[in-house]
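As a starting point, one isolated chain is supplied in structure tokens, in the form predicted alone.
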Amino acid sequence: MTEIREGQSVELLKELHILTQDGKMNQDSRRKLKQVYHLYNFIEPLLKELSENSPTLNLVDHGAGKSYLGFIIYDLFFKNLHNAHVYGIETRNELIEKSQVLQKKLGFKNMSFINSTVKESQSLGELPQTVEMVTALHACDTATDDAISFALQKKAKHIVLIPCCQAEVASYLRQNKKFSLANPMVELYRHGIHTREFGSHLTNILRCLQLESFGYDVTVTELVGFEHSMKNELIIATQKNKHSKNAKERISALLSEFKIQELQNRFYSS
């Protein structure tokens, strides 16, 4: 049974429809809370390290949606901090407006919600020049790559990603398949369903190598708390300033091996 964490705002959980108005949970809401808490268990030690070693703590959550994660993180960690702020980036303005109403109701003053795509957010004046943590949970297709680009631009110390619905690499594999038929490696993605699945897997491998090439230590794990989600791969990157030339070489080799050199700028740019 999932227990509400000590210090958690019951009012927030009611507003997020995780608790009913009489303070109870049904099976679906219990599952949602378990998912969010499970992910928070990965994020909390990173936030503690930042709060102890960084003069500011800015977190940007891309593809925030209803901002479940942002509100939970703020409530459990940020609400008693100074020089700390949570930014939610979301393209759907109606969700931004709902989050703003809830923020004011709860008095969570160091939260901001911005109507923008991930890519466009890189040039927004409302965001600080440096950001300590970037999260992107189920940001579809290239939005995850845009979140990585944002994090690199903002010199993020920690990056937390759950990729989703990746089609770009698969589309290039499909287009260039005819050039690879003599290579037995094409069997990894010759069938349509395998093209999609292998393209998704290859995308995340390239993303991890890209982060390593920019000096990040990368951990990839299964987010076991999301039992009902097919998109269950959690990528956590921490900046160690150990830039890997080998990672860049492997990116180039993989792109060449699978005849998708058109994607060089996405995964290899410096």
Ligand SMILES: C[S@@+](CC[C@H](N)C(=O)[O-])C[C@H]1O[C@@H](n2cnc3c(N)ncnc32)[C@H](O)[C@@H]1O
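Everything numeric here is computed off the predicted structure, so don't read it as measured data. Counting begins at 1, following the sequence as shown.
This next part talks about the form predicted together with the named molecule, which is not shown.
| field | Segment assignment from 40 to 48, 63 to 71, 23 to 31, 198 to 206: heavy atom within 4.5 Å of the named molecule in the predicted complex | value | Comparing against the named molecule in the predicted complex, the contact stretch is 63 to 71.
| message | Looking at Val186, Leu76, Ala143, Ala84 here, can you tell me which has any non-hydrogen atom within 4.5 angstroms of the named molecule in the predicted complex? | response | Answer to the contact question: Ala143.
| Of Val160, Ala151, Leu173, Val118, which one comes within 4.5 Å of the named molecule in the predicted complex, counting heavy atoms only? | Result of the distance check: Val118.
| message | Check for me whether the named molecule, as it appears in the predicted complex, comes within 4.5 angstroms of all of Arg92, Leu95 and His138 - heavy atoms only. | response | Every listed residue reaches the named molecule in the predicted complex, so yes.
| Which residues, if any, of 236 to 255 lie within 4.5 Å of the named molecule in the predicted complex when only heavy atoms count? | Residues within 4.5 Å: none in this stretch.
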